[in-house]
Each structure stands twice: as C-alpha cells, then as structure tokens.
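Shown next are two forms of a single protein chain, provided one at a time as structure tokens under the names structure 1 and structure 2.
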Structure 1
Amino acid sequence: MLQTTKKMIKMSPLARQSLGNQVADVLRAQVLLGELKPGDVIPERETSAALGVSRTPLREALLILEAEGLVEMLPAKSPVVANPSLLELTQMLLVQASLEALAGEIACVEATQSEIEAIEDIHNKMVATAHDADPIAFFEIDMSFHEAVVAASKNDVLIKTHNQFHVRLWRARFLTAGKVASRETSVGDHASIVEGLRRRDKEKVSSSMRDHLRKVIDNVTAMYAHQET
C-alpha cells in the first residue's frame, strides 16, 4: 500500500495590518482633518515618496479609500479627494437614516442582553471622552456605536447595505461632529437610543436613530451654506 507523507508548508505569520491599510489610515486621517481637501490631487509618485513606500501599497490604499467614497480614481488621471455635492450627501444620509432606524427596531427584538450592554459601554466611552478625545478618536467611537446597533439586528442584508453608505459618509459625518457642542448633542442622542434598547422599545429606538441622522443632514446643509458665503 502506497503511503504518503504530509509536508508542512512553512509560512511566515501574516502582518496584523498590511502596508496598504497603514497607508490608507494615514491618507484617511489627512482627508478627515482637512489636510487633503475635496478636489485635491493625490500625485502617486510624490505621495509614495513622501510616505516612504512603493506605489503598490499606495495604490492599494487608494482603492480602499475609493471604496469608502473618500477618493475618486479617474482614468488616465491622478486620484483626487472626493467632493460630493450637498444633494448627494443628503440623499445618502436619508437612506442611512432609514437603514439605521430599521436596524434599531430589529435590534430591540434580536439583540442579546450582552450586545445591548456592549452598546451601552461604547456610549459610556463616548461620554467619558467627549471633552478630551482627539477628533478622530472620538469619531471612531461614535461610528462604532452605530455599527454595533446595526450589527445587533443580525440582518446580513441590512448590515451589508448600511456599510455601503456608512463608509461613504465618514467625512461628512466627521466634519459635522467635530465641535464640542455637536459631541454633546450626539452623546444625548445616543443616550436615548441606549435607553430604548434597554427597554426593547422599538418605536423609541427607531425614532431616535432617525432623528439623530436628520440632525446630521441639518448640520451638513449648514456647513455647505457656510462654505458658499
């Protein structure tokens, strides 16, 4: 009888984060903080040299940011920072408001007690850091709250659809959440959502989620109006 021996394939441990993801993190922060402004060109040769990387991880990073709606890749042209219109942002935010309202309603039924407690923990972290966290750190906590509520719906189609809008709205939501007053409003809205989840009150959670996103629409509209003056 023919015997075969199994060979162990030697592999190096995978890095926790690829170089392309690291570059994406740097560029994303520059876009969110306004160091790279809407419409700015991102020249690949100069940018890769400035970051000390080859153009391969830079291109990987740009594709990540394109999927997030932060960068536009144009044929035969250098990538540019995305500059969506107010109408585009408003339409996406209206859809996202409906998606999050539905997710909150479903989460009241589907979420486990431990998931609700985890959402409340994120809220408590926001409360603790509202006045001293750096803008991006606070924003990431804020977004993780929304992601956790949507995930608690356990509806795969809803989660996937929400994510498509969620990442494309990061910059608009970041810009409207930067002020301390906006943070306090956000914390208050999240407190209402957490209370509704604890009570399994579908109507309260759904309306709170929708109202929260409509405030974002108002803030984005005000921001665009200010830019035009």
Structure 2
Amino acid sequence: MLQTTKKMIKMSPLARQSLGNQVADVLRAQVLLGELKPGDVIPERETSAALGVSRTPLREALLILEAEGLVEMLPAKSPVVANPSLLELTQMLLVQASLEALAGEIACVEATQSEIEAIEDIHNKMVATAHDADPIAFFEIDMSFHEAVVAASKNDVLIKTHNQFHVRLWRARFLTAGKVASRETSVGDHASIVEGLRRRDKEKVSSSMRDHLRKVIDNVTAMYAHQET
C-alpha cells in the first residue's frame, strides 16, 4: 500500500510528487529486481488494487514506464513488461557505448580530482569483490562505476539519457554479468578507463569505454545464442 490514509504525510513542497510517480518508482524497482519479469502482464485493475491506489495513478505510472521503454502498452491488451529482442539489446548497447564514450571524454575535462578519486574507489572495491560469491553485489558495483563516470560529465541531459538505457539494459546485463569468467575482463577494462581518466586522456577513455561495451554486447549475444530463446 502506498497511501491507505486520506491524509498525506506532511511533506516539504519540493519533495511532493504525484501518486503516479510513486507507483512508477515501485514498478520500476520491481522490474529491476526481477520481481516483474519480461513478458509479465500488468492488468490495471488487479495491479492498482494490489498497490492500494485507483487505476488513474496506476495508468499514469504505466505511461511513464512506457515512455522509458520498460513497459509496452498495446491497444486492448494488458500492459506487458518489455521483453527486448537481442537485436534491440544490441542496438541499445551501441547507443549506450557512444553515450558513455562521450561522457568519458567530457569527464576528462570536467571531472574534479576528487570525482576521479571516487571513481577509483569504486574500481578498487570492484577489484576486491571480484572473487567473492555474491553476483548481485559485484554487479551493482559494476553498474555504479559506469554511473559515476557519466555523472562526472556533469551533463544532465547526458546523465538522464544514459540512465534510461541503463535501466532498460539492467536485466540483460545482470544475467550476463553472472558469468564469473567475465569478471576478470570487466575489471581489466575498468582499470584502463580509470587510467585514462587519471591521465585525462580523452581518446583513451573513449576507446576503452567503447571496447568495454563491445565485450558486453558479445556476452549478451553469447547468452542469447546459448539459451536459444
């Protein structure tokens, strides 16, 4: 339940956000956590009842998630959690690679020294976790590394655009990152990105980023070929 009482909790004016946005946050989290899997349907009445809201804000949330590419709404069909094809995943990763390469280049100019150090810290944490068992922890550190680099560009438009693909790619990347074998390669790739940032070498960072994402594409492709969906 999001709101069982009529009276809302007193919030500061800036923090106030519509129920629709709150519902969107809940559903988005469920998709990322795998509680809602690709292909799952989201019937309006049932879902809104389960969340304790009416259909109106639920529909608002669905529209938001549709715009983000996480949900597909077809006429006269229940909304469905997006289930991107390998082709679509590849296309997204190509775009994402360009965005991260751009972010890396800008970061070489715009990032403060402490921001670069923070990125190094994340990288070091990732190195330390590389031989641990927990795949989720490793994956989240991996993702936060990419987020940190993009954030260092300080380009809000770029950050937001990147984040949208980030979310849409989350599940596929999580599934492929599970392969322990790929951890070593990822760590190596990140190391060269970090080195490029430290030297503020735009070309190195840019190409390292692209190379890294190219490997991710290969991993995703391999997984799809293997499970033959």
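Residue 1 is the first residue of structure 1, and the numbers go on in sequence order from there. Bear in mind that the values here come from a model prediction, so they are computed numbers and not experimental data. We call the rigid core whatever largest set of C-alpha positions still superposes within 1.5 Å between the two forms.
> Return 1 or 2 according to which structure is the form predicted together with a further copy of the same chain.
The chain shown second - structure 2 - is the form that fits the description.
> At a 2 Å cut-off on C-alpha positions, does V41 qualify as shifted between structure 1 and structure 2 after fitting the rigid core?
Where the cores coincide, V41 still shows a C-alpha shift between structure 1 and structure 2 that is 2 Å or more.
> With both forms fitted on the core, give yes or no for whether the Cα of S114 moves by 2 angstroms or more between structure 1 and structure 2.
Moves: no, less than 2 Å.
> State in degrees the rotation separating the positions of the smaller rigid part between structure 1 and structure 2, with the larger part superposed on its C-alpha atoms.
Relative rotation between the rigid parts: 25 degrees.
> With both forms put on the same core, how far apart in Å are the CA positions of V71 between structure 1 and structure 2?
A shift of 6.3 Å at the C-alpha.
> Please state the CA displacement of N83 between structure 1 and structure 2 in angstrom, with both forms fitted on the core.
Once the two forms are fitted on their core, the shift reads 2.6 Å.
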